[in-house]
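Coming up is one lone chain in structure tokens, specifically the form predicted on its own.
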């Protein structure tokens, strides 16, 4: 499936001799795990439809993820020099072009969804879902909390709310979009799985930040005076929370068709 995703991303934003497209492709097509589109496709398959039916919404979600990384890396945000083992976009194309490339990917993502080969009502619901999950109630709201909490002591409840928005909201959108493509309105159970998976993934990311296993500088969060799950719970405490969340997710898969099928297998693989 990754090959299908990569091919479609290249088709949607083909190579052009214009800086904005070069910059967008530099970040979008860099070596990544493609977890968000894979989760979207796997959810559609879990609900009994051809996963490729969800390919365009899946690619749109990857564009939104790429935009968020571009903006996160900017000097006014996390000020990172590396992303996925290569210089961040603003280091190559400048801050202004990086800002615009991120804006372009976010904007174009909704055009891709609007043009997807799906029913009108499906496209409308997907647009509404993605806009909400990526806006102030979701991803952007989580980023705002991250900025406002920088350099401060943080309570567990605040940390969880921040990660539910910053990380889990987009993962939840992937599951919701896959369900909508299959013709099923997202259930609270599916949304809870997305939320819990996002938290577990973020906790793992916090552990990676300590050891620089994600293609970034080690200790980037500490250098930026940001509180993380590791600073709050310690390494062993974070690992225990990840184990607990994994168990909770496994139990919830029992309530999905075919016990989650390919979605369950993919999530278990990611969190192992």
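Numbering follows the first chain given and starts at 1. The structure presented is a predicted model; accordingly, all values stated were derived computationally and were not measured.
FYI, the form predicted together with a further copy of the same chain isn't displayed, but the following is about it.
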Would residue 157 show up as a contact with a further copy of the same chain in the predicted bound form if we use heavy atoms at 4.5 Å?
-> no
Does at least one non-hydrogen atom of residue 169 fall within 4.5 angstroms of a further copy of the same chain in the predicted bound form?
-> no
Evaluate residue 136 for contact with a further copy of the same chain in the predicted bound form, applying a 4.5 angstroms cut-off between non-hydrogen atoms, and reply yes or no.
-> yes
Is the gap between residue 182 and a further copy of the same chain in the predicted bound form 4.5 Å or less for some heavy atom pair?
-> no
Listed residue (92, 114, 161, 189) with a non-hydrogen atom within 4.5 angstroms of a further copy of the same chain in the predicted bound form | 114
Contact test, all of 71, 99 and 127, partner a further copy of the same chain in the predicted bound form, heavy atom 4.5 Å = yes
With a 4.5 Å heavy atom cut-off to a further copy of the same chain in the predicted bound form, the contacting stretch among 170-178, 80-88, 195-203, 145-153 is 145-153
Is any part of 106-126 within 4.5 angstroms of a further copy of the same chain in the predicted bound form by a non-hydrogen atom, and which residues would that be?
-> 106, 107, 110, 111, 114, 115, 120, 121, 123, 124
